[in-house]
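Below sits a lone chain in structure tokens, taken as the form predicted alone.
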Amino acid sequence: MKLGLVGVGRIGAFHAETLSRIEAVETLVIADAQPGRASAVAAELKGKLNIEVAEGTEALLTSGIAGVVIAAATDAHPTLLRAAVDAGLAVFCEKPLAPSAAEAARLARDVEGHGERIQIGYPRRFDAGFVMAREALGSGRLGWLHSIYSTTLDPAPPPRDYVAVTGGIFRDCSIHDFDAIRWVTGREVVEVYATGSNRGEEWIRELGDVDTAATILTLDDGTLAVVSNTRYNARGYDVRLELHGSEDSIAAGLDDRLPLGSAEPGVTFPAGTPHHFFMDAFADAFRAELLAFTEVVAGEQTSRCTVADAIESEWVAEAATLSLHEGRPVRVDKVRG
């Protein structure tokens, strides 16, 4: 099949490389706001698959592609998604849908009816450990849940220009935890309490954001979830999801590459090289989600992460942002548009 890719920055270039190793993808047409960047990525992929560089988004959307991957900056997502839907294409769009939940809700209304052919980028839904945790809970083996601990600790902040358009740490980073908690448990978040701090780069504070955040979520069945995030985990990229139930407990991300040392004498776990970043920790999951998207393009299955799914996590992120600024718990139904 022939696919398009809009945006070949950090995640876009990674997606291009991943798509080049998926057999169903024969031709990839790429475009970027910086034409030189698209040409550079095309040169790197030459020989791996047929690669074309389009002079802008309009040229890409009319190049005969069957589907498009949107990996541009967050503030460009709404315009690009609407244009791709208007062109009749299957769409994979990186999260979040928009810089705010209200704008994402308007976008969802605009693309209503196309939902089964739109997939939003939440790779933890395709990670083997997260899948197993979900299955363990669904089987009843854990009993009823009382506590969830979800962690996303980045080794270093992303670039300033990136942070400036993402809408803040809750919409950019924590939202992966929010989505994973909803997907694994099958429950909705009803109330949020969030706090944060700034001890790193001053420019993060200047953008009105925090570099470290903690969020307590109350789910609709009374389960409590604690989400921990930071931009400064120098030991490596730490992503875990712990489910603690009345009968048993289980954790995703608890492997020998966990970037956390033990203070116990004689304990050697974890002994492996810590994960450096999301691109190595979730390489298999990224491939699985893009492979699933090619199946959506081919009409072999419907989206496994819809716009409706993404909207729910964005409302949680909106509530967390409001809670941070106002210093109080916020009910999700009070921020929903």
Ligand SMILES: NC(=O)c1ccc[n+]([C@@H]2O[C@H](COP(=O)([O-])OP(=O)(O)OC[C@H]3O[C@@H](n4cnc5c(N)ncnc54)[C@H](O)[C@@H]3O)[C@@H](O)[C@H]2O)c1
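Since the structure is predicted, the reported quantities are computational estimates derived from the model, not experimental observations. So that there is no doubt, residue numbering starts at 1 and follows the sequence shown.
Unshown form predicted together with the ligand; subsequent notes refer to it.
Contact annotation for the candidate site: Val8, Gly121 and Tyr162 all lie close to the ligand in the predicted complex (heavy atom within 4.5 Å). Stretch 170-178 is the contacting one of 225-233, 170-178, 133-141, 111-119, since its residues have non-hydrogen atoms within 4.5 Å of the ligand in the predicted complex.
Only one of the listed residues (His276, Lys48, Arg37, Arg287) places a non-hydrogen atom within 4.5 angstroms of the ligand in the predicted complex, and that residue is Arg37. In terms of contact with the ligand in the predicted complex, the residue from Val210, Ala73, Val85, Ala105 that brings a heavy atom within 4.5 Å is Ala73. Proximity of Arg182 to the ligand in the predicted complex falls outside the 4.5 Å heavy atom cutoff. Contact between Asp154 and the ligand in the predicted complex is not found at the 4.5 Å heavy atom cutoff. Using a 4.5 angstroms limit between non-hydrogen atoms, Glu94 touches the ligand in the predicted complex. Ala33 belongs to the set of residues with a heavy atom inside 4.5 Å of the ligand in the predicted complex.
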